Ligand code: 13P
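Here you get one chain, nothing else, as structure tokens; it is the form predicted alone.
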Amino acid sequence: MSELLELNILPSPKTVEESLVAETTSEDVVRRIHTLKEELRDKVVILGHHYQRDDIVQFADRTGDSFELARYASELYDREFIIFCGVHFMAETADVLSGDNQKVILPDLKAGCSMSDMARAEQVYDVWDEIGEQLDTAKLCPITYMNSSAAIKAFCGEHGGAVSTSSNNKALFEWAFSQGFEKILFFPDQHLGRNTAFYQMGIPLEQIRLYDQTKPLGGLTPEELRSAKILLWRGHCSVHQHFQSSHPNIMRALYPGIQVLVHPECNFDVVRQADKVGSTAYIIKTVEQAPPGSMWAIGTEHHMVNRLRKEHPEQFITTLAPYACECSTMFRISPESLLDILENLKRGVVKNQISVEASEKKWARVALERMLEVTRKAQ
């Protein structure tokens, strides 16, 4: 076991020192992207999510999480084209927040999100009606994680709810109860919802119920439904799902003194054993502020972990899992697909534009603006 772990997770001096700007492509593609980006610099902004590979991040005008990037893009009123190197729901959010004069482009339309796909709008409406046969839904607040479609965000906005991120989920839960709601329906990530409700808010597990949308009444009895304060949609992140409860102790045995730092999309037992838990931004900030010699086993997407390892050679940084955990849909954004978008823009052709319908855009914006207001008040 230990030999396998060391083979897959220990950094080598070469990995830390070498440039990865052409890791998965050719130098010619890199050169052509740089040239086109310069030629189109007054019209285009390129955004790169933290989970993108390095030879995409090198072209980004800004890196960040999905909402940070969408909000940044919305402030660039002079840029006609927003190229979002992320996944579909992120580009949708950027379109919701951007101006009428802007067009949002996703380099590869197959770059989706398995978690987002676990909550479809038609399912949510069916579940809402089903719950309504047992409860007064006027007392139920729908909150959706940022990792969801514009249609789901719009549903929340129209039904008095809001959007949340991993960094402000607790504040949004508290806001919902302060508005007089008695229960929260949270989707699509059950782990973030459970970890927030139990670890951050102290809500007993018996009042936190998993609502399995594939079963009648979510697999719950009417009494279980009525007694619950938090109803969790049955969904998860395919990357963070890989981290298991055995991993923290394995790392501590291999590297005495190492600290386990995980994202709250990890499951309940992993979070329970972690030394620190927080959003992507929190993970980055924690490492940036740590003293030389710090040791970290980080439970999140491995492209970001590898980037932190290269940026902080004074620390020991490795992934929490004994194998690579990458977001395969994020990985679909390739230098070649980015180059194709830029070449078409140079010819005056807009490919892969993401457009949210006006009715959805209206209510999704409401849900996002509620989140912004709550976040501002909580700071």
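So that there is no doubt, residue numbering starts at 1 and follows the sequence shown. Everything quoted here is computed from the prediction, not taken from an experiment.
The next section is about a form of this same protein that is not shown, the form predicted in complex with the ligand.
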| task | Select from the listed residues Q102, Q213, Q259, S279 the one whose heavy atoms reach within 4.5 Å of the ligand in the predicted complex. | result | S279
| message | Using a 4.5 Å heavy atom cut-off, which residue among M90, V163, I230, I152 comes into contact with the ligand in the predicted complex? | response | M90
| message | Check D95 for me: does it contact the ligand in the predicted complex (non-hydrogen atoms, 4.5 angstroms)? | response | no
| request: Please check if N147 has a heavy atom lying within 4.5 Å of any heavy atom of the ligand in the predicted complex. | output: yes
| Can you check whether D55 is within 4.5 Å of the ligand in the predicted complex, heavy atom basis? | no
| Would S66 count as a contact of the ligand in the predicted complex, using a 4.5 angstroms cut-off between non-hydrogen atoms? | yes
| Heavy atom contact within 4.5 Å of the ligand in the predicted complex, the stretch among 173 to 181, 260 to 268, 129 to 137, 245 to 253 | 260 to 268
